[in-house]
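Just the one chain here, laid out as structure tokens, in the form predicted on its own.
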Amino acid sequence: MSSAARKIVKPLVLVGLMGCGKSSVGRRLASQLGVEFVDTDDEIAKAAGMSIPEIFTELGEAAFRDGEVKVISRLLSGAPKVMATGGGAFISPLVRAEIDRVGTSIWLRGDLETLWGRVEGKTSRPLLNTDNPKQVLANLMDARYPTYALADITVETHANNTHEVVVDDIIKALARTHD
């Protein structure tokens, strides 16, 4: 186990909009820290027995959000780990309170062009399956960024930095919070 991992005493929960790199960065961060990585969307899909787009289509967003709260609460227990959450998870006061109680929230903050470049044309993003998906993404930024700003740590992600740079930035930020 790395020396950085010994400092991790509670879950690290990555939050932010779709395309900011929560899953990709989370896998690398967990590997570097020597802890488990969990993607909450994968766990929600597993629990529901259907994909995220299917949940949205067949059960609706409200049912998805209900399941999300339950799955995240369950995943926050146990050994420290790195968790990637769906873009809307941290918006829930219930989820935020649970993360605040037992974890450290880390916002991966990206600008519109970076995020759009990463999600454009992907049909696996139910909220973007509209006539003007880039505008929907911009509206989500306007609505959600003030809440994401409540995260314990903010790390910038943009088109010109690699996932490894973001992981290093997170580890440096964590070291500053433990000094």
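No experiment lies behind these values; they were computed from the predicted model shown. Residue indices: 1-based, along the sequence shown.
What comes next is about the form predicted in complex with a small molecule, which is not displayed.
For the residues I52, M141, I153, V35, the 4.5 Å heavy atom test against the small molecule in the predicted complex is passed only by I52. Not displayed here, the small molecule is kept clear of G103 by more than 4.5 Å at the level of heavy atoms in the predicted complex. Among residues of the shown chain, V136 is not one whose heavy atoms approach the small molecule to within 4.5 Å in the predicted complex.
Proximity of A45 to the small molecule in the predicted complex: non-hydrogen atoms within 4.5 Å are absent; the residue sits far from the partner.
In the predicted complex, the small molecule sits beyond 4.5 Å of every heavy atom of P80.
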